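Next up is one chain by itself, shown in structure tokens, the form predicted alone.
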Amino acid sequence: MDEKARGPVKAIVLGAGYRGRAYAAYATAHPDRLEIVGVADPEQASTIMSPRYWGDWRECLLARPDADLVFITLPDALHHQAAITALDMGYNLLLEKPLATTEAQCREIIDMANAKGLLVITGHVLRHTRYFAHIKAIIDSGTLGEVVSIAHQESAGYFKAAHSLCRGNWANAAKSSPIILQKCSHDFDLFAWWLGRRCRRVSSFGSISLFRKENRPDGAAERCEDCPGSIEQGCIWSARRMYLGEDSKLGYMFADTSREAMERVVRETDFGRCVYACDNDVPDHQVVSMEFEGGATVSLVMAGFTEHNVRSTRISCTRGEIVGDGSTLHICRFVDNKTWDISHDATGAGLSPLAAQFPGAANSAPEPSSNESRHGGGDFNLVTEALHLMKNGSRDAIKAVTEQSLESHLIAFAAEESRLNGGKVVELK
């Protein structure tokens, strides 16, 4: 290993929003492993500590900072251009999902990275958490037989549905990306990873059930600030309640959560608009049915109107079943009707104890570490994986990781094509 490889990896952050800040926090926690040397963002670059700042990502790359890795956490529509530009300059990428907003653009990014021998690791953080890795380990152990079907629900949470699917950056597919790609490529990545097979065909239905102009209450204003108190105070979707209320669950999305800053968010930004007066066109609920090689079937429900923002899963196998609620796994082995409950607290259960009940589980996949980052520690574990591959990964290993995210994107594009065509079955290439 050369001298450069011994020190921290130098990185640039393009986009200092929620995801950019989440990955950049790794440098504060592990300064011996990662150093942020530049940040580009038109409004909030300084929210990430760095010796250099730019107002535009193009200016940053044209300056050719001395760095090894580029975090691309820009709006979805900018991912392709930024990725191609950075790869052309020889940078490795941690590219927030989605890779890009069309299949052709995704393939171009993957092909360019492979041609140059560079890493593109996508922000599919869930496979880097203990909870989801333990599901993979149990399946791979073979103790429960072959997977026959998976029933999975992505509960968006009613508060986050209004924030992301109506008022926020992903409310309009033409301006960002289809919501099934932006939000559920995580889930498609899990299915392909758990099964270790390719998806063959897809069908999907979904629509906007509530956030339509015709559902706007009589007398409601364009913005919550201007709405009559008789309407605003009893409205579930009041921006004041969602962003200023004591029980707000959305503060983590913003760099400045002071009362003054959040008042400005409600008063001046799109997050203060009436949910019935936005330009949203993405579904607030969608279902996707998939058939994988070997005949395994998978159903995904993306539901916007739920109490909590959580994923729940039921995996039916030929010799047992796995049921998960996002924090606890309940496993049943049919041959002796034996059951186990594995609770994932702050530290999480280890693969070694799992191996005692499911031989081979400990050898299935690397044990994700416990840490305080979001997504059950997945944010930091993803960065750790990127740094490890850059320093120690073979070209074949880098190519494999670069290509693995394409499958989830192909499923998402097929699902959106199906939805827009009345649920027709789409065969994957």
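Note that the coordinates shown come from a computational prediction; the quantities given were computed from them, not determined experimentally. The first residue of the shown sequence is 1; numbering continues from there.
This protein has a second form, the form predicted in complex with a small molecule, left out of what is shown; the following refers to that one.
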Check: Is H375 close enough to the small molecule in the predicted bound form to count, meaning some heavy atom within 4.5 Å?
Finding: yes
Next item on the list: Consider R19 of the chain shown here, and say whether it contacts the small molecule in the predicted bound form, taking contact as heavy atoms within 4.5 Å.
Entry: yes
Check: A40: heavy atom within 4.5 Å of the small molecule in the predicted bound form?
Finding: yes
Check: Would P51 show up as a contact with the small molecule in the predicted bound form if we use heavy atoms at 4.5 Å?
Finding: no
Check: Tell me which of 164-172, 134-142, 102-110, 188-196 has residues with heavy atoms within 4.5 angstroms of the small molecule in the predicted bound form?
Finding: 164-172
Check: Is it true that G55, H79 and K97 each have at least one non-hydrogen atom within 4.5 Å of the small molecule in the predicted bound form?
Finding: yes
Check: Which listed residue (P75, P217, G157, G326) meets the criterion of a heavy atom within 4.5 Å of the small molecule in the predicted bound form?
Finding: P75
Notebook entry, point to check: So which of Q182, S238, T129, Q286 reaches within 4.5 angstroms of the small molecule in the predicted bound form, heavy atom to heavy atom?
Noted result: Q182
